[in-house]
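In the form predicted alone, a lone chain appears below as structure tokens.
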């Protein structure tokens, strides 16, 4: 977009978002990895997320994630994402979201995209990248037994991205407090074509002990896993939902995050450890530190990756979606969205 020109404003609905991302899992993971590198190099602005909470609905929240990313993307914007867990009982998804993209040169918003799919995609791509980088050089190779604690949309996307980026498993374990959710996720796995042995575990303990790669994708608001002995076999843990593990578990593990300042807020499990110990010594570093060789993951301990989820990832994936839809000539442009364009009328 040329400097000084007001860009046309487009709306990108969810169906277009899904078509633009389908089959591009490897490219999206590469984009997420590149975004982590740009962020670590300081080529981004990613202020704290802002939480809108409700006294009459304590389990619900809406979060604003403003951000700006440079690199090859060069776009500003904000994700506005709600989490209403009670939706699940009503038969609709927990999360809904929009992403607004702003022109880097003029600041004008030029697109509004359905973003629950974008959010799930960047979360899954981040998890797949972490699983790859944190298992490199691991004694015994890549984990062959994966277990999912929580079986909603995020778990499905994480499995999809693992499978699409070359992971195969001998065993896939499933645990959810809802038997219907666990059964539904098992049905998805059966339809995915996996040859893995599928097991629905009655307890989180049984699943964790039976898994070398554990994915937490729950809506837990406080730690519910505190027994360190469950992790004696030193699994790799993708702690996507951030609040499942008690401080005792993290203190007995090697810990990595996506961004230190962001992750140690809002009573996440790493934040609880900082509050208890008064320091951040329990953190080895960030995923970008591993990717660039600044830190090396040691053997013999559980490895826990706790990603807070950065707005710059949503921007990078959202801009890629916008570019794909524009290249296909399928943008839904809202004519005359900006009408007051003369300073003095």
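Residue numbers count along the first chain shown, from 1. On a predicted model such as this, the values are computed, not experimentally measured, just so you know.
Keep in mind that the form predicted together with a small molecule is missing from the display, and what follows is about it.
With a 4.5 Å heavy atom cut-off, would you call residue 152 a contact of the small molecule in the predicted bound form? Output for residue 152 is yes: heavy atoms within 4.5 Å of the small molecule.
Contact between residue 217 and the small molecule in the predicted bound form at 4.5 Å, heavy atoms? The answer is yes: residue 217 has a heavy atom within 4.5 Å of the small molecule.
When the contact criterion is heavy atoms within 4.5 Å, does residue 228 count as touching the small molecule in the predicted bound form? Outside the cut-off, so no.
Heavy atoms within 4.5 Å of the small molecule in the predicted bound form: does residue 319 have any? The answer is no: residue 319 has no heavy atom within 4.5 Å of the small molecule.
Since the chain is shown here on its own, which stretch among 104-112, 218-226, 138-146, 68-76 would lie within 4.5 Å of the small molecule in the predicted bound form, judged by heavy atoms? Answer to the contact question: 218-226.
Would you confirm whether the three residues 177, 240 and 309 all fall within 4.5 Å of the small molecule in the predicted bound form, going by non-hydrogen atoms? Every listed residue reaches the small molecule in the predicted bound form, so yes.
Within 4.5 Å of the small molecule in the predicted bound form, heavy atoms considered, which of 88, 266, 251, 200? Contact check passes for 88.
Scan 94, 186, 271, 209 and let me know which has any heavy atom within 4.5 Å of the small molecule in the predicted bound form. If I apply the 4.5 Å criterion carefully, the residue I get is 94.
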